[in-house]
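Heads up, the chain below is alone and in the form predicted on its own; it's given as structure tokens.
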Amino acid sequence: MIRAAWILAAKDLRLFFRDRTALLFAFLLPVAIVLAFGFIMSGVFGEQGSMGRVSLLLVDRDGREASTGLTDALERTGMVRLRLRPGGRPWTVEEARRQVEDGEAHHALVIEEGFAEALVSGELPPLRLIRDPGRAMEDRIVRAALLQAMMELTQGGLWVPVMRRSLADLGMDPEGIETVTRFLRGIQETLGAFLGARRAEGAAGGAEEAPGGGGSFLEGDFLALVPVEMEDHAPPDRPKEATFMLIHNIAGMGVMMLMFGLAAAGRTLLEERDQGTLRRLLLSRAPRESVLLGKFFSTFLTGLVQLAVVFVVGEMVFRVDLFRDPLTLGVLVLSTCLAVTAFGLLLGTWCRTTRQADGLGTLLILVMSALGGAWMPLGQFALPPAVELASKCTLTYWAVGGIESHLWNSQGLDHPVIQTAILVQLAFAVAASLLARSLFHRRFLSG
């Protein structure tokens, strides 16, 4: 029995190693996934493995040296990466507001006029944060970075005017505020002298400053000390129960599983060829073109049902009003299913064996899901240009981005973001379908 088992095992190994393309994918898949994840993680979280920097738009209306000091301090926190317009020019307030309203950005910092004078006089500096209030995680990171940067810029002197404002808000009379202020300034001078001596000792001993600017990630009530005016922009019809991560997971996981399902449907061409079913179909009276077209129809309808089930179950469980604009959602679902169906058929006609289709399909879907943001919302981070370009070259980027923009930002068919996502997917569907048709004629009909 053992000898027979070894003979059968040797037979399977010979068949496996005979298919060189499938063999290549078997070893290439784990390597490609590791490289893709390493590429993304190094771009998002950096070489030190610290928290990924989030993108922050900058509007500098003061244009003084103090503004540059604040932006430099923000960069040193290691929490944010300032995003300027192409060419390195700051955004205008109107442009930044439009970016946040369109979902292209989640936060924009406005350094108002008089910022430098306020720092010199010891007053609260005029700052404004234009934000999407639903992006809670990014909001904590941005405000923590801003508080740390302002403390560094003012050498700890910020907390005195902040406390003055807080006491005034609580109703304390001016005389009492001045008494408390003198007491606070005394504490500030004592702490400043103590910390200065400790820093001098650390420098003499060769101590290195911790990555990220030497500050800690402040949480809780400390974030309320950030001296900034909030300007919130969120779609009025966004459900209160909806969170960004929930919407992203519905869109990202729905698209990824759709790609797996339709890629498997496309490979049935190879199975029917190996089983002889395709030959019998080609010998029937049905036009040869109808074979591929029928496969397209069945795969497309399967995808529609699959995505419909995902959204219906998501709405039943989470109650986030996914169907408040059924027309826009329907068009997005149609374009996504068309593009993914074409991808599945192209995979089935490109590969020569089912093992090749399995290996290549898994490889492409996992890499595109990672780079395209199906697993994690890469758009919240400040990505290096190479990672951002690679992300935009994937089908998942446009499929997930279109659905996510509609469900989270309430963008309809008249919005350029939705129109672009639909057009890119339709263009991919047409190109992939034409290529699949050409390969079908060459590999399945010739001879």
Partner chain sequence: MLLEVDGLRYAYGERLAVQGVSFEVAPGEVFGLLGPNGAGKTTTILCLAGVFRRWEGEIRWEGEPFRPAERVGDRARLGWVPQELALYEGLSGRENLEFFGRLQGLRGTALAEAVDRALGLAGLADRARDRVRSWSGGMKRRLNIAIGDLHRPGLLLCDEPTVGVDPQSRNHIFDRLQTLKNEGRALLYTTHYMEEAQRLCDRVGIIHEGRIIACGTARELAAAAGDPDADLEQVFLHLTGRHLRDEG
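All values reported here derive from a predicted model rather than from experimental measurement. Positions refer to the first chain, counted from 1.
Just so you know, the form predicted together with the partner chain exists too; it's not on screen, but the next bit is about it.
Though the partner chain is absent from this view, in the model of the complex it lies within 4.5 Å of a heavy atom of just one residue from Ala116, Leu124, Leu84, Leu282, which is Leu282. When the partner chain is considered in the model of the complex, only one residue from Gly276, Pro174, Gly294, Pro133 comes within 4.5 Å through any heavy atom, namely Gly276.
Although the partner is absent here, Arg352 sits far enough away that none of its heavy atoms falls within 4.5 Å of the partner chain in the model of the complex. Proximity of Leu8 to the partner chain in the model of the complex falls outside the 4.5 Å heavy atom cutoff. Among heavy atoms of Ala286, some come within 4.5 Å of the partner chain in the model of the complex. In the model of the complex, Ala4 stays away from the partner chain, with no heavy atom inside 4.5 Å. The partner is not drawn, yet in the model of the complex one stretch among 286-294, 90-98, 255-263, 141-149 has residues with heavy atoms inside 4.5 Å of the partner chain: 286-294.
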